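Quick setup: the structure tokens below cover two forms of a single protein chain, split into structure 1 and structure 2.
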Structure 1
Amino acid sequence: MASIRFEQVSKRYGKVTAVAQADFEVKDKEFMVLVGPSGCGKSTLLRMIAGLEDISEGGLFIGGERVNDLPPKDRDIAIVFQNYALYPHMTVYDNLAFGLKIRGLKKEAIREKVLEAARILEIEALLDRKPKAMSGGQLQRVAIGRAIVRSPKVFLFDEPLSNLDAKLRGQMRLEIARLHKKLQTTVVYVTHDQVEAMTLGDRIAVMQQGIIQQIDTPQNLYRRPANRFVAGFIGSPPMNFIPGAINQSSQGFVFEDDSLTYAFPLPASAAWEPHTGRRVEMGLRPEHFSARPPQDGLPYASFEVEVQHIERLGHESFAFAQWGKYALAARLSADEDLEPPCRITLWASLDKMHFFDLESGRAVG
């Protein structure tokens, strides 16, 4: 049983606030991903869980116990670092065994645990080697081995795959997911990579400038981003944003862009009322455009665009186009044979549009 609860936890370095009033819970056995741009405070949050960083304010609870003043070794956690942080002067076996030795386990018991961890991670052949003589992928396996050998209550990962090449990263991602299923422990996983976040997390906490913006399942983050930052962060290429305002016309509420060239009707709802006349941004994901009108009978909008550049990925293409004075990115099926520059019409369902208050960034509607 090891849930992790943050109660109004803040961390300050002098005048810099690295983490501001984090208040959330990681459930027992949950795989929680912390994601956000570099410098947003992810590692700081993780190090506070580990006890490597003092908590300036608030309370941190692991398994219901307040751990603010508990040293790292007594928290029953293990951590995997981006740059592996293996002991360079020890063999792989000793790297794995070190923590157990310090805890005073018998030689035989240590041997058994180390061999078991080595077997799970398929690093048995490396046990006599020193870190210097290994590749990045092997080093990361050993680092994970060092974490699992103690069977801790909580695993912490700080960007463990960032130093690996793309192919290896994909492999290790799968393995970490498998390992979590097998070991059934609580995991907090830090990354700046949204693909890792989306594929690994039971839930994802999106951070920016020390503040947790939204915590939800990958699907919900994608479908209902709470604010403009989350909307722009999740998804690649990122969501398109068109500045404008919500106005009331004779047909009901409409979104009008800043140049007053375009207007889209909004679904009838009283939710628009408080935002009438306010400046907002309309957000539309590239993958929600299509080069053909949608056939599902739902209301849609059309965009006359000038395609300027196209990236062909084989199974799909990304079109980068100009729509009036706005730049748009659109994902198109690979069948669309376009020779930019060219003019085409893009279509998108109205219900795929997101709206964010320009001032607060919060989702509206």
Structure 2
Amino acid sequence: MASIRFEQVSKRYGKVTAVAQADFEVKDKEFMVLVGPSGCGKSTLLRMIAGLEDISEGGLFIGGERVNDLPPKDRDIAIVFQNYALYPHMTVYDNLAFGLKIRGLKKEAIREKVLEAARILEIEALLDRKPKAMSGGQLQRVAIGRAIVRSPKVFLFDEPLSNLDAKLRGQMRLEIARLHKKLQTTVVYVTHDQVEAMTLGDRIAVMQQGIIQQIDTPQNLYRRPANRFVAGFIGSPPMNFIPGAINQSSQGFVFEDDSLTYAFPLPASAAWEPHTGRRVEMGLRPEHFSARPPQDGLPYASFEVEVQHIERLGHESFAFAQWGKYALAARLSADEDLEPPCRITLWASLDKMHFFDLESGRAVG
């Protein structure tokens, strides 16, 4: 078993808390992604697994063994860094073999492991090259290969694709996903890129200011965010937010925006009652707007907006508009022939809307 368990783990630097009471488990053979903005504590969490950072409080277990005081070399983990960390004077073969030589493996065993890793990563033709003669994608493959040859219980990736261009990042995401399926090992992967997180992770831990906000599958994070931060972080462009309040009328519960110029009824639910009169934010993703009324028969809201700018991406367009004092982004079909500035009506089904308590940020309803 190569599960990783955090029990109330914290990391402090003097009076600054980098990670606060992390309490979760990465299952055996799971691909767990830690995601969040810069400085949220995700790399610190990863470095504690590796033994590169001391734990201030709590317990860390790998494969059921408490490893708080175990040195990195005895944890049976391999880490792939953002900057590749290859020896520039060594060939690819020697870079891959170096760690195995240090561990005292015999020459034939080293050769077998190196050739197997090179075959898996399709870098056999590069074994005689030195790092300066390779592209970024090739260097990243070698860095991953150096981790593979060790056959560790746990792979750790610390923003491994951030130095690559967009096309190469897409290719390497596929490579890493393929490798995980083939090797069937436990992976913890740190990134600030939500596309990497959503496409790679079995589960994702979203972090902010050292605190884990939500751990869930990519689909659940998208469909059922636990709070406003997760809702705004997952999705590109980010979710639109409109402040207002949940009130009760003769028609039932309604959402009224802060300017009190617009209201729409909410689906019947007892969940609204505890929040009656409280200030909330309504959240709606750009992709849940349409320039046509919904055809599914579900209740909807309409928004008369002033489109100020259009981003045309070929297969789709993003409209950036003003609705009263609120800025909205909407993803529309590429067939919509709009020339800003122009006024249009945007439609959205009520069942696609999210609501968050303005004070706590937690999802309501």
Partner chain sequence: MKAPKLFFYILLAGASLSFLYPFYWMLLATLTPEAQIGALGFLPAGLTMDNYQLLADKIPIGRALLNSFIVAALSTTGVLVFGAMTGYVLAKMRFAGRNLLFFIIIFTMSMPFQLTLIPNYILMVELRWTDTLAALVIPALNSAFAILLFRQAFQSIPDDLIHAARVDGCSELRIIFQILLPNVIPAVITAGIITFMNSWNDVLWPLIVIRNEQLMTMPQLVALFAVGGRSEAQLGVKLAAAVLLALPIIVAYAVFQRHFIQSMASSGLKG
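Counting starts at 1 with the first residue of structure 1 and goes up one by one along its sequence. Owing to the predicted nature of the structure, the values given are computational and were not obtained by experimental measurement. We call the rigid core the largest set of C-alpha positions that still match within 1.5 Å between the two forms.
Note that the form predicted in complex with the partner chain is the one shown as structure 1, not structure 2. For T91, a C-alpha deviation of 2 angstroms or more is recorded between structure 1 and structure 2 after rigid-core alignment.
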